[in-house]
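We begin with a single chain expressed as structure tokens, specifically the form predicted on its own.
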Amino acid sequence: MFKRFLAIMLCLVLVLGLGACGEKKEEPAPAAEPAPAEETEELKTVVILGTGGTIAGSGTAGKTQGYTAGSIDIQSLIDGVPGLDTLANLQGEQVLNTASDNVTAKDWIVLAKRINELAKDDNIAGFVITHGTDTLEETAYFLDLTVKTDKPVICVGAMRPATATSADGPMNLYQSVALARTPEARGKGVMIVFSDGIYAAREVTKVTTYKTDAFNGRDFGALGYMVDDKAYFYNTSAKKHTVDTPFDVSELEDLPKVGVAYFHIDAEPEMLQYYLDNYEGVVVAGAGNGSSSTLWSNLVKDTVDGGSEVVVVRAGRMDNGIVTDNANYMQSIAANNLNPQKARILLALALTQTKDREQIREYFAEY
């Protein structure tokens, strides 16, 4: 009986063992081949030219006031922005390092000449100029008229120094480098990137003394927006710029002397007379449609009719609108929609080409 029990148990073990052995085991899936690394486009080269300003300023940690502009060199500025070197091969160069109120026409010429020289290098995709905000729009417009390349030239600054809490400079610089390497930015003239906005140098102006959203395009809005490192364009400037202007700085060391006379109620004619006697060109920052008092307008008329070579341009004190030719002011040239500080730049460059008033009038219509 015991032998029979053992035999039955042995049979059961054999049956179960054979069943287990006959069961098809699921083989482990073969290890997945590592995905090939995604091919990335070779990084383009962007040159960052430093001129100083708040973006390169330092002061008491966390504070937005009481800092020294232009106290950080361009390489330190570049190194202080996380991820900047992932956007492009960066080449930093310090042109000057100061508050933008100290920038001169001679500095502009040096900057334009340097960009024109570097632009001959096919390996350079674009340029970024770090700059103080006070005169940023002026430098940008001068470059818009004088650089001879269709490569992107981006001007950028900051409203808070690098040592402030929530400094705005790093993001502005990051987006400027991203735009400078963007092929769609070619041929659009000099631009300013600020607080996610892309602005044409001709139209942009500073609109606040303290907010980080410090610039806008006046009547014409932005050319587009930056979202992180991507540019979205919606508009272009209709005015000629860069390679399509006649203004050549290659032989210049300085600009003709042009001043801005600001009209207001009870503005003394002697102030305007000083400019008319001592400057090659005068921009009258007038009220309304560039208008001024009878005393001022008669002074301009008498000066021009009397044979003086001084060229007078009428601009408006307002941020928006257009100044047009007026029969009462035909001895002067309408600034179109340029504000006084930009009209001064165009007049100075025009005077490097000609003193013919009608030709200069055409320049103000074109540029």
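Bear in mind that the values here come from a model prediction, so they are computed numbers and not experimental data. Counting begins at 1, following the sequence as shown.
One more form of this protein exists, namely the form predicted in complex with a small molecule; it is left out here, but the text below deals with it.
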With the small molecule left out of view, which of 128, 204, 283, 158 would have a heavy atom within 4.5 Å of it in the model of the complex?
158
Contact with the small molecule in the model of the complex, heavy atom within 4.5 Å, among 110, 99, 124, 96 goes to 99
Even though the partner isn't displayed, in the model of the complex is residue 332 close enough to the small molecule, meaning a heavy atom within 4.5 Å?
no
Distance check, residue 132 to the small molecule in the model of the complex, heavy atom within 4.5 Å
yes
May I ask you to state whether residue 69 is within 4.5 Å of the small molecule in the model of the complex, using heavy atom distances?
yes
Among 313 to 321, 338 to 346, 298 to 306, 51 to 59, the region lying within 4.5 Å of the small molecule in the model of the complex by heavy atom distance:
51 to 59
